[in-house]
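The chain below stands alone and is given as structure tokens, in the form predicted on its own.
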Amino acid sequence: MTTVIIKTTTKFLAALILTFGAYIILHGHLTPGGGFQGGAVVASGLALLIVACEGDVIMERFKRVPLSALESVGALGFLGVATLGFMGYTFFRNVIANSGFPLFGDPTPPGINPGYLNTGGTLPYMNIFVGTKVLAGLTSIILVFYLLLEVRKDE
């Protein structure tokens, strides 16, 4: 049984945690972090939501979320972006960087990057796909553990 304090705190904290996880994923090519770390942060925010709600609410909310499909999209998207490098004769080549592509293809400034998000090339795409895979996988594991505990509690 969760209290009003836990539910109210979760409403505020979960939004902040999910936003911070998205920030880590999107800025992974500029700052420490990336897809795995950001996906783990997003999964921890979802774990907070899972723990703060009752079992029937969790079942209702996560019944419509295709976590296994999201995990597959993350893996296939990562491989798809990695194979774009074959256009440049090598696997994982950053073909979008400095190409003028509208999203993440701007020219990289000389020297240290002052934080231009749109200069990452294929790296932000890879971070997004890895983050999607990690958040879906970790959330699935947490959900299974939570539901197993609910079943044991009923016994």
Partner chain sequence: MRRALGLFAFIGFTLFLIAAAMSLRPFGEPVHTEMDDYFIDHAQMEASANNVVTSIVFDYRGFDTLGEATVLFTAVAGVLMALRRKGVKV
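Everything numeric here is computed off the predicted structure, so don't read it as measured data. Numbering follows the first chain given and starts at 1.
There is also a form predicted together with the partner chain; it is not shown, and the following applies to it.
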Discussion item. When the partner chain is placed as it is in the predicted bound form, are Leu79, Ala97 and Gly111 each within 4.5 Å of it, taking any non-hydrogen atom of the residue?
Written reply: yes
Fill in: Proximity of Ile5 to the partner chain in the predicted bound form, heavy atoms at 4.5 Å
no
Item to complete: Answer yes if any heavy atom of Phe145 is within 4.5 Å of a heavy atom of the partner chain in the predicted bound form; otherwise answer no.
Response: yes
Item to complete: Classify Gly28 as contacting or not contacting the partner chain in the predicted bound form by the rule of any non-hydrogen atom within 4.5 angstroms, answering yes or no.
Response: yes
Discussion item. My question is simply whether Gly39 lines the interface with the partner chain in the predicted bound form - judged by any non-hydrogen atom within 4.5 Å.
Written reply: no
Discussion item. Within 4.5 Å of the partner chain in the predicted bound form, counting any non-hydrogen atom, which residues from 108 to 123 show up?
Written reply: Thr108, Pro109, Pro110, Gly111, Asn113, Gly115, Tyr116, Thr119, Gly120, Gly121, Leu123
